[in-house]
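In structure tokens, one chain follows: the form predicted alone.
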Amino acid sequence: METDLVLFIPAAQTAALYPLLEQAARGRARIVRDKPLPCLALATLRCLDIRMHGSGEHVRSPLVYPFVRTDRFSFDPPERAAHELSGPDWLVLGGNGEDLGNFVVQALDARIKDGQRPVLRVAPYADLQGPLPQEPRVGDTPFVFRKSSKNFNQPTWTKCVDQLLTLPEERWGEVGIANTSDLVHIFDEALTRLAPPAPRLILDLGCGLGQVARTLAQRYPGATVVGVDASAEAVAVASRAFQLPNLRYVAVDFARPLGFVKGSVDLIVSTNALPYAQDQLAAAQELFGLLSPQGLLLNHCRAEESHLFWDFPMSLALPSNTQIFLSDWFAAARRSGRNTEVLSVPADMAALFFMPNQAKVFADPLNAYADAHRQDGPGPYRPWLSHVLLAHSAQARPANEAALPLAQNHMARLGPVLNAVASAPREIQEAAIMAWICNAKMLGLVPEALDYLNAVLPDSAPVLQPVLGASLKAAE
């Protein structure tokens, strides 16, 4: 059975790419070069239905090269990558010919393995016409990706545990690892306003070296405080350093149920741990189930929305990192009968979290902004700030959800995130311009890519056109 792998390529780029595609097809597929299309309607393309395991995240998209790829560090390798699936049309908007050729070879080999006789069709086009409908359609090709299960901090814990066991708390920072500070001050205002006055059981989820749990045990001497962490090494350090009658630490595999009685926990705090949950909605459901009716969940961690902002346009079709999605936690809290407040936390901002971190023109202004605001406490939500504090409880003030990027369709959320640059401080605007230009260059985008961005993010065209238009045209 013959099956077509169709690559739609801007006409101006076809001559340079065609020889490399001929080489990729040699011995694998018959190659056909179609007559150029004067206009390619995005609504006619066969698409992927891209979803994230354990999340409401989804987007409908053709296989837009070089955007739709899952070979980055924060994804588990899928059984079959998106480009190896039969069904979706490809839209080539950049990259380099050798890399594209390798992707095509893998795609053709997958079809041959399935007993197909692939035909590689190269379809040049002159112009693009939107929109790209986001409602699922019959014939869409499902593709589900998963967050990586790898804990990148564990090798450091293992390496440093002996040294940490011999040092007092005030010298832990000398070891040169992250998460050696007591960050309980970030929770202070929310604890004072929203926590039950006499909590019985408190969990510090992902307690690390245990300082937050220690401070909570001192603050609430009538409560039992349990610090839980997936790292046995971190728990060993915390258990030796902090010994209080109402405090204990346990090592827990977070892939399994935590083992506490439903409705028994009055306060859960978590710092930079919940993004590791591969199934975000299941994790949220479990934690909300553990809370007592007046219980409070405080989650301080990185949010994916900041990666959508700084990693754009790499973040166009898929998340670029897989931190938490605000939409998942708002939705789960709502189902549990709780309100959600969201605040941004400037204290932990750093350029190193984001894709263009090696570019000084991006990193210098962003790090300067972060340094100037490092002592600021939690404040109004801003998508360009990397960390958030989510407060979930029946007593929390209901957020103005219409003003937040809570759409579960990726494109619908991405537009408002990008448009926030218009109201950002000057330093953030300058850093964003540099980030977007650097990312576009790393992707090797061609000028026609801007037509696609304008078609799928029409409300963001006034923001993107002046930033990327001149840059992509100059790269020709």
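Source: prediction; values computed, not measured. The numbering used is simple: start at 1 and walk along the sequence shown.
There is another form of the same protein, the form predicted together with a small molecule; it is not shown, and what comes next is about it.
- This chain lacks the partner; the member of V226, A123, V252, L404 within 4.5 angstroms of the small molecule in the model of the complex by a non-hydrogen atom is V252.
- For the candidate set Y276, F145, F288, Y369, a heavy atom within 4.5 Å of the small molecule in the model of the complex is found for exactly one residue, namely Y276.
- Of the candidate stretches 106-114, 253-261, 131-139, 377-385, only 253-261 contains residues with a heavy atom within 4.5 Å of the small molecule in the model of the complex.
- When contacts are judged by a 4.5 Å heavy atom cut-off, G94 does not count as touching the small molecule in the model of the complex.
- By the criterion of a heavy atom within 4.5 Å, N151 is counted among the residues contacting the small molecule in the model of the complex.
- None of the heavy atoms of W329 is located within 4.5 Å of the small molecule in the model of the complex.
- Among heavy atoms of W90, none comes within 4.5 Å of the small molecule in the model of the complex.
- Figure legend: C-alpha atoms of A455 and T322, shown here, are separated by at least 3 angstroms more in the model of the complex.
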